[in-house]
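To begin, one chain is listed below as structure tokens, in the form predicted on its own.
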């Protein structure tokens, strides 16, 4: 469904081209100082920058708090934050009703909801809905005041040298194509003992939420898939002091699904944007034939650029929920 969490529970609502969208957050402890300005730093990281690779669609993304705040502090009641959609071009999507985009949600959404779904801009499946996750992530970080987050785009289009990223993206734009990337997120300062075995382990809860971010196709912790090519003597993290500090961190700060006090390290693979300007041959349900499709609209050539802060928010939300469960 559209809700996540046990103690720190979020519900996303709205569509890309509807009147607006937002998030309802329940379970926030009372007394936390909070205002709309607290969301701006992370919203700015998600906002289209005008640089190559990000969508030309410009939205103010100005949050409005409707409930859950009184005299500058959380009340303990549900917090509702909304955003207005102001810059839509819905006619760009009419041809996709019968001629859906390859690797996008157009066709499966129509099948699941019997063609009652809002197809404009991807509707509720749009990456724009992640605005609510970014807001929830900002609140989650206030619940985890001693935890610091560092998120980096470590790979684009198979290239790991950041100096080459802009060139790779520009080449994809010129080719009317898109590229994917890998985001690394680190959380430092989380105490040992957070997480619940088996089904609410740190990895399982964080992965659940991160896989909800549109375009994420893979998640790994610590050494991740590389661990399968290591021996135990290489992969084991020796403990070097009474605080549980380890000499290495192949486990990514998690043992037995529970935080061990070391830095949480995860990476998420973000696929190339499905909406590309290059002509594609794909099935047209109206004609019953495979026909050329040219996708209109304004889309990111590298969604990983703006997805990084959303992945960070997802991790923060998961950790806040587990933290409150363990209190």
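Just so you know, these numbers come straight off a predicted model, no measurement behind them. Numbering follows the first chain given and starts at 1.
What follows is about the form predicted in complex with another copy of the chain, which we do not show.
Query raised in the report: Looking at another copy of the chain in the predicted complex, is some heavy atom of each of 211, 254 and 269 within 4.5 Å of it?
Result: Judged in the predicted complex, 211, 254 and 269 all sit within 4.5 Å of another copy of the chain.
Query - Partner proximity in the predicted complex: residue 166 to another copy of the chain, non-hydrogen atom cutoff 4.5 Å - result: Looking in the predicted complex, residue contacts with another copy of the chain do not include residue 166, since no heavy atom lies within 4.5 Å.
Report task. Considering only heavy atoms, tell me if residue 308 and another copy of the chain come within 4.5 Å of each other in the predicted complex. Result -> Close contact is absent here: in the predicted complex, residue 308 is far from another copy of the chain, nothing within 4.5 Å, heavy atoms only.
Query raised in the report: Do residue 30 and another copy of the chain share at least one heavy atom pair within 4.5 Å in the predicted complex?
Result: Heavy-atom contact with another copy of the chain at 4.5 Å: present for residue 30.
Query - residue 296 within 4.5 Å of another copy of the chain in the predicted complex, heavy atoms - result: No, residue 296 is distant from the partner.
Requested in this report: For the stretch 218-243, return the residues whose heavy atoms include at least one within 4.5 Å of another copy of the chain in the predicted complex, in the order they occur.
Outcome: Residues within 4.5 Å: 218, 219, 220, 221, 224, 225, 227, 228, 229, 230, 231, 232, 233, 235, 236, 237, 238, 239, 240, 241, 242, 243.
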